[in-house]
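One chain is shown next in structure tokens, namely the form predicted alone.
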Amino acid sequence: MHRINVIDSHTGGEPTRVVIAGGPDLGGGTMDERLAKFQREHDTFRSTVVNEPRGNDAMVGALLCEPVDSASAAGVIFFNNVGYLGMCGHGTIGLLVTLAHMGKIGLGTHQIETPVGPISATLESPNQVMVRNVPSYRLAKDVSVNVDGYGEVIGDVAWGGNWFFLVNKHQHDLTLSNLDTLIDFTWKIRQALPRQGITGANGAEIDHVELFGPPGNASSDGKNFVLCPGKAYDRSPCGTGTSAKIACLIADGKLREGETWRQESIIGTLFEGKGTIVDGRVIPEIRGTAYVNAEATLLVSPNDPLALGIRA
């Protein structure tokens, strides 16, 4: 019986499961090198932790790693129901609240090593975190894609730690009652992008699609709907998606450096974001809250035919 110790939290409604013990030995390389080894040799562990019957499609896993730099608070590799994430904003917020819950860190700023580079995050209170994300930017503006059943859709291609296709103009209400239509629309956009040769930098796959609409309440500046790589929608406003949005807003002159953008999620939760320009790229700062909601030991029985999770 293999045991995996985890701590669960949610950030604005989006779950994070931090693996604190029982994970694979990935050696002492960089987070990017360890991610490659994880993907190559231990992908069944990913499925075991986040897929059904122990997890669900919305869950993001975070494998806690010893950092390369002793000055860093932790290293982390994020993963989901179908693969791996270079960076995860809501997951980083959940990770810091989890590390504080474990007594590993206190209030203040901490460096976290990720596969796309080190980021800094500030634990401002036991439940509130500000993440200073990786440099973000818009690669292409007003890109046209022909989407099956919907026709031409115009969007921007931007990097916020993951690659996004951001759509501002569409005919869909961003409400939970319209969820099936939103998933169908964004999934068909996702499928159309590679068919029409639309990618991120160096041919990278665009694996997130983000829709925007008017705010649902007076405390936000806009509302979004984000479809994640495994066809699950983000319950939170999406940290990397908000970073990509801020980069586009600043590029268009619609948001000034240092000005706060309040991003509302499909379920009504909020992130606050702002950005500064350094060497031509936007450095986003995303603020949100997370709450620990479980400590658990996952049991992996060799006799269980679904021990390694239900895989597509």
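Owing to the predicted nature of the structure, the values given are computational and were not obtained by experimental measurement. Note that residue numbering follows the sequence shown and begins at 1.
Although not depicted, the form predicted together with ligand PYC is the subject of the following passage.
Each of 90, 234 and 238 is positioned with at least one heavy atom within 4.5 Å of ligand PYC in the predicted bound form. Proximity to ligand PYC in the predicted bound form, defined as a heavy atom within 4.5 Å, singles out one entry of 138, 110, 208, 223, which is 208. Put simply, of 98, 162, 186, 114 only one has a heavy atom within 4.5 Å of ligand PYC in the predicted bound form, and it is 162. None of 82-90, 211-219, 150-158, 115-123 except one has non-hydrogen atoms within 4.5 angstroms of ligand PYC in the predicted bound form; the exception is 82-90. For the chain shown alone, residue 228 is a contact residue for ligand PYC in the predicted bound form, at least one non-hydrogen atom being within 4.5 angstroms. Residues of 7-26 placing a heavy atom within 4.5 Å of ligand PYC in the predicted bound form: 14 alone.
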